[in-house]
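In the form predicted on its own, a lone chain appears below as structure tokens.
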């Protein structure tokens, strides 16, 4: 075990007083950053990057990595408690986390999110420790055709997200794709779908604006309708017995958590993917292969554990190409990469040999940060639960202010605030008409990634579509995507056939 000695040395470095302090501080700040809609790990790491010049490089990267880690945990908090995704990585957690909170199971959802995040983080760190160089080489085999095929696979999982009405699911997905094309063409630079020639549409529609509008404002409108004057929107009584029960119920989530961890890690090491597609694909897979897919979107705990384990695993996975190849796997790791260059470090194949204390100190700190993040998250569960006990007359304005500031923050544009209100009304109406809104949100996240890889592929092949079938990895992903597209439809047909069978049969 030639890895054991440097790993132990790395953990010893990570638990040095200054590094341990950086881990705890980073995790707490990360939880706050992740829970604040519109802030996210990218902004948190970028804002606090100058602070790290006061400490040695190892402590600095540990601090920023802990913020990144904590933010992945924190994103679930606002998704579950308020129905507002703190970041794009937590969008999928909203689908089932919020319904669980609304029916008085917020404690169970928060515990599930924390434990799944811990499991996802642990599995990914172990994979990172054992297989960093070969996985980095594997990730290099991914070109635009493979990336597009991967996006097709992700889109194929959407079919299972919309319940029994496939037509409405496809409509919702297409609507999301149309919204994703608003702005400037990524190659020609020509304006596309600039409604009413408004300047605000030139920077496109941020997925967070759509998600906050639909799940934040839409949720307020929906709650106003269903509460019918009731001042409390959720009754939660937290006790040690309920916490113990929440841990006991986690045994039903083992499969989705482990699968989400591996999916997330795999998506994380790919430069074009990252935590957001990873969490969405993990959610879609969990629903597609569930024995009870109809309960997803209604408060199925597997709908919380799958994306949460995936986004934490992806956050560690995205560090891999950054350290071993010098290629950032996500926007946050791009900021981390910039910080490393400023500190005088050169990410790439030689980093493990030239700066072993730095690399193994970082890896050791990930183990420590993972444990602290779970403990701090669980310790704050009573505080988060207390939020739900607030009367809706107080909670609604708070949610509204968070929605508006969260939507304004990314581009600092009032245009986005008006869009949030518009999408809020649209989300409310779609919900009343029983249209699934999740595929639309997912489409606006993955649409630009799919478009970029598709056009790069076709430019490289001079328009030959066979490029997607000629490359083995690409063809394999397309085949899996086709199977995932057909599987829910076949399941639905069989279900309807059973329902239509005479009751006396058998």
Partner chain sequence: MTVRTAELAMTLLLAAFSVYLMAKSAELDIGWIKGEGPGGGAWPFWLAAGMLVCCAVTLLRWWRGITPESRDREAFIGPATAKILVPTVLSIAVMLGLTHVIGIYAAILLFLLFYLRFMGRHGWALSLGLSLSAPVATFFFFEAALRILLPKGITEPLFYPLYSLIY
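Keep in mind that what you see is a predicted model, and the values were worked out from it rather than measured. Positions refer to the first chain, counted from 1. Rigid core (definition): largest C-alpha set, two forms, superposition within 1.5 Å.
What comes next is about the form predicted in complex with its partner chain, which is not displayed.
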**Asked** Is residue 408 close to its partner chain in the predicted complex, meaning a heavy atom pair under 4.5 Å apart or at it?
**Response** yes
**Asked** Within a 4.5 Å heavy atom cut-off, is residue 296 in contact with its partner chain in the predicted complex?
**Response** no
**Request:** With heavy atoms only and a cut-off of 4.5 Å, decide whether residue 479 touches its partner chain in the predicted complex.
**Result:** no
**Prompt:** Quick one: is residue 360 in contact with its partner chain in the predicted complex, heavy atoms, 4.5 Å cut-off?
**Reply:** no
**Item:** Partner-contacting position among 426, 81, 345, 246 - heavy atom within 4.5 Å of its partner chain in the predicted complex
**Value:** 426
**Complete:** The listed residue (382, 338, 397, 356) that reaches within 4.5 Å of its partner chain in the predicted complex by any heavy atom is 397
**Asked** So which of 217-225, 361-369, 95-103, 260-268 is the stretch with heavy atoms within 4.5 Å of its partner chain in the predicted complex?
**Response** 217-225
**Request:** Check, residue by residue, if 174, 177 and 421 all come within 4.5 Å of its partner chain in the predicted complex, counting heavy atoms only.
**Result:** yes
**Request:** Let me know which residues along 451-465 have a heavy atom within 4.5 Å of its partner chain in the predicted complex, or say none if there are none.
**Result:** 451, 454, 455, 458, 459, 462, 463
**Request:** Once the core is aligned, please say if the CA of residue 262 is shifted by at least 2 angstroms between the shown form and the other one.
**Result:** no
**Request:** Using a rigid core alignment, state whether the CA of residue 205 is displaced by 2 Å or more between the shown form and the other one.
**Result:** yes
**Message:** With both forms fitted on the core, check whether the Cα of residue 56 differs by 2 Å or more between the shown form and the other one.
**Reply:** no
**Item:** Cα separation of residue 319 and residue 212 in the predicted complex versus here, shift of 3 Å or more
**Value:** closer
**Complete:** Taking the shown form as reference, the Cα pair residue 96 and residue 420 shifts by 3 Å or more in the predicted complex and sits farther
